[in-house]
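A single chain comes next, written as structure tokens; it is the form predicted alone.
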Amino acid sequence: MTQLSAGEIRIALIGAAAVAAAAMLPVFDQGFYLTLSLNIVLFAALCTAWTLFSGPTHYISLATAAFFGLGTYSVALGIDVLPFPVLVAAGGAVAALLAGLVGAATLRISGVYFVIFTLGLAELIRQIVSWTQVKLGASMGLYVFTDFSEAHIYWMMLALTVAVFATGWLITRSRLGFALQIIGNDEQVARHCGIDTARLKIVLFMISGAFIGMAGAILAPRYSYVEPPAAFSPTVSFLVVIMALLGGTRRLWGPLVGVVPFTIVMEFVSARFPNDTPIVIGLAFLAIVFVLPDGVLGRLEQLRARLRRSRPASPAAVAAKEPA
């Protein structure tokens, strides 16, 4: 691992200051802004975890709802038996196990087939959980009673978000990150270079799934009553994809560019037009695909490249190109 550059140190300090400021929010507000900030931090963790896998590999995964729901149900099933930190770890472990099994079976395929499979996976698990609860229990849901307030959940989710970013940063600076860049550019070339592409993709998919499962576990006390339609909602999968693609997946922090404004917009729409939320999600997805296929960061990089090409060369550069 190489030493940190001055720019990386500067970014790390800015990030640490931003996290410290965000951690102070519950001290000043316990109402609307705390709820909004919790949603932002939640999707920041989910989108960044999704980008860990889908960013370098370019696989569009819609399995977020499956991993998230497993984490939520891990807490709901064991809240009366095990400590909460153990349940959060269990939620991440169960989600990682599922990601490993799914990855071993499906990561050899790509394109629309992988997208369809991961979308169907969340629905399949939701139906299995619903059927099991109907057959073995008297109700469709489970109660989650804890002493955690909104502020406690916010702090835990903020810590998880920091952990996701730290993990992503370590991966990008490791041999795994370098191998994933080669896979993302050309998987055939990566195979010819001797890289075990299937194994690396499975490992990364498991890391991504584990963080998403832990996010679902941390958020479980917020629901109080957990039901399969809420825990395994496909809307979560689509929102994560939309926000991540809106910001851009070329940089680890790219999804934040999409998470913050889109969460605020969705909060406004869901409060004033609750029946029109699916329409907004669909229109947003179409707009991103046709207008911003590379996200906001990708568009900014394109504009910066155009400005550099259109900028007249300096006299020193012209003189350097002239023959002696």
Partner chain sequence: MIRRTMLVLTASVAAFTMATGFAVAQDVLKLGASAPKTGPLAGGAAVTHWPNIKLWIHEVNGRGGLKVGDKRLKVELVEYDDKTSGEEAVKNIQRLATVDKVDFIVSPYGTGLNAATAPIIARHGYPHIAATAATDSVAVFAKRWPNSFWLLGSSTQQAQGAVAALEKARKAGHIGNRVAVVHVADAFGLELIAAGKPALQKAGFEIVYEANYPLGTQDLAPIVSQAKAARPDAFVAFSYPPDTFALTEQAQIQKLEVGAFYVGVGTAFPSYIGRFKDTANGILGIGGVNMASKEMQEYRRKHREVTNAEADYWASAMTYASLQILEQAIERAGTLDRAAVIAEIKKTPAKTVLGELPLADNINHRLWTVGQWQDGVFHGVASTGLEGAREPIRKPAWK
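Since the model is a prediction, treat every value here as computed from it, not as a measurement. Numbering follows the first chain given and starts at 1.
The following text describes the form predicted in complex with its partner chain, which does not appear among the structures shown.
Among Q188, N185, S174, Q127, the residue placing a heavy atom within 4.5 Å of its partner chain in the predicted complex is Q127. With the partner omitted from this view, the residue of W253, W169, Y225, F117 that lies near its partner chain in the predicted complex is Y225 [heavy atom within 4.5 Å].
Not displayed here, its partner chain is kept clear of D294 by more than 4.5 Å at the level of heavy atoms in the predicted complex.
Its partner chain is not drawn, but in the predicted complex it has a heavy atom within 4.5 Å of L42. Under a 4.5 angstroms non-hydrogen atom cutoff, its partner chain in the predicted complex has G31 among its neighbouring residues. In the predicted complex, its partner chain stays beyond 4.5 Å of every heavy atom belonging to V289. With the partner omitted here, the stretch from 155-163, 216-224, 87-95, 198-206 that lies within 4.5 Å of its partner chain by heavy atoms in the predicted complex is 216-224.
Contacts between stretch 14-29 and its partner chain, counted in the predicted complex as any heavy atom lying within 4.5 Å, involve no residue at all.
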